Each structure stands twice: as C-alpha cells, then as structure tokens.
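Below you will find one chain, with nothing else, as structure tokens; this is the form predicted on its own, and questions on how it binds or moves follow later.
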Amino acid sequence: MSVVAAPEFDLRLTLASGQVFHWEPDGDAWRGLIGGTVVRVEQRGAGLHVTPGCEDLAARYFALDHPLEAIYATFPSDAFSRAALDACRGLRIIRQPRWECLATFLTSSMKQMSHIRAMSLALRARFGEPVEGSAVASYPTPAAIAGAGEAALRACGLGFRAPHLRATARCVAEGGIDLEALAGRDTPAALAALCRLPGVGRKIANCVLLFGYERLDAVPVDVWIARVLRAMRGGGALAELEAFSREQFGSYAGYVQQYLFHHARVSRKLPAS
C-alpha cells in the first residue's frame, strides 16, 4: 500500500455521509470503485494507505486538496452549526463521476440511505460490467440503462423512479445532454439544463452540481436540510430556504449543508428556535 498525506480527513465519516453508496468495509480498510478502478483505502492517522498506482486517483476523489481550515472559517457561529462542525470534522465532499452521480441521486428520491444503497448495488449487479478484484460491478452506462426494460429496472427496487432513470439515461446516451460539457457552463445554466431531464428537480440537480461538478456553493435542500433551515430561518418555502443558504453560508454553502445534514440526521436534533 502507498501512503497519501490526508490531514484533516475522516474516511469513515466521509463514506457514511450520504454521498456514495457502494463502498464496502475490508477489515480496517474500505474497498470500492472509483469509476472502473478498484481501490482499497485505509486511514492511519493523517495518512491514507492506498492501492499502489491509485494515489492521485484517491486523492482527487476524496478531495484531499480542499482547504478545509479555510472552509471551516466560513461556518456560521450559531450553536447548531458549531456542533455540526465539531461532529463532522474531516468530512470532505467527494468528487464523483458525473453520470454515476446523476443516476444515483435520481434514484434516491424519498428513500433512506440503506434503500439507495440497495438500489445502486442491484443496478450494478444486473446492468454493470464485472471488475476484476471487485465484488461490486461498475455503475451501468447510460446506454445499458437506456436499453433496459422498465420492468427490469423496477425489479431493482426503483419503483416510480424507473421510467425517469431510463428516460434520462436515453437522453444522455443519445446526446440530448452532454454531461461533461456542463462543466464549462455557469451554475444557473447547468442547474437549468439538469432540471430539464426527466425526474430531475432542483434538489437532485443541486446534488449533482455539488458532488459531480464541485460547485461548492450548491445547496441541495432535502427533508433534513429543510427542517434545519426552517428552524434557523423561522420557516420558508424551498426556494426561500435555498436562497437563505446561499446568502448565509457563502461560497462553501455546500460544505455547510453537508455538515448540517449529517449532524441532524445522526443526532436527530434541530437548531433551537
């Protein structure tokens, strides 16, 4: 194993924070796929022990270059935000493959993390390609999902999400949207383009912008974050909560959101009104 410097990083916390759903414990380490590459990672203090040859891949994927101390300096000073920061230190926003990110969050609507994981693994097993050295298959390509029957997708637990995923996969596979080209567009334009895809609303689009395009000011407002923000703001519709987050949390609003989300979900607490 090769060692990568990983100060201010918590591997377990990052993998458990609702960003990705296919990593598996492997003794004291974790094994997963970054794209189509098998990577085994183990944290020992401020060092990340990584499969040889995958050092740069892992460092980029886990965003070890994000300036966490500078990000922490932007956190609000209220008691709940400080508690979230203390509880979640070392959690980093993972840089995810864009199609995988889009498809995963498209299937996550109104589901708990355990259900999202089960759907993701079922899709990989049925429609992905086997990867040598990995018990988990690669994430299915847009063409593989587009060519699947709706019944087969529903059999993976997708329910009403199946036609949305299939239609979006077809759009990507046939060139109706170029996910890589979106990286060169400004955030409002990229958000609007994503929201035109079947089944994609602002929450899913903001997830994709944050986790797939590294727009660290993007704020996905799900049920937990809506509860937190309404307690902070004193109510508000979803659009108002999204605007409030951008105004209050600034250019690293996505990081603040992720810490608030994870802390609220784990602690089952909300800010004092």
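These figures come from a predicted structure and were not determined experimentally. All residue numbers are counted from 1 along the displayed sequence.
Keep in mind that the form predicted in complex with the DNA is not shown, yet the notes after this line are about it.
Site residues R233, K269 and A272 are none of them in contact with the DNA in the predicted complex, judged by any heavy atom within 4.5 Å. Note on the partner interface in the predicted complex: the residue among D217, D222, E55, E42 having a heavy atom within 4.5 angstroms of the DNA is D222.
Listed residues P97, P198, G147, P76 were compared with the DNA in the predicted complex; P198 is the one with a heavy atom within 4.5 Å. Residues within 4.5 angstroms of the DNA in the predicted complex, judged by any non-hydrogen atom, belong to 156 to 164 and to none of the other stretches in 138 to 146, 156 to 164, 80 to 88, 67 to 75.
With a 4.5 Å cutoff on heavy atoms, S134 does not count as touching the DNA in the predicted complex; it lies far away. Although the partner is absent from this view, H49 stays clear of the DNA in the predicted complex, with no non-hydrogen atom inside 4.5 angstroms.
Proximity of T187 to the DNA in the predicted complex: non-hydrogen atoms within 4.5 Å are absent; the residue sits far from the partner. In the predicted complex, at least one heavy atom of I204 sits within 4.5 Å of the DNA.
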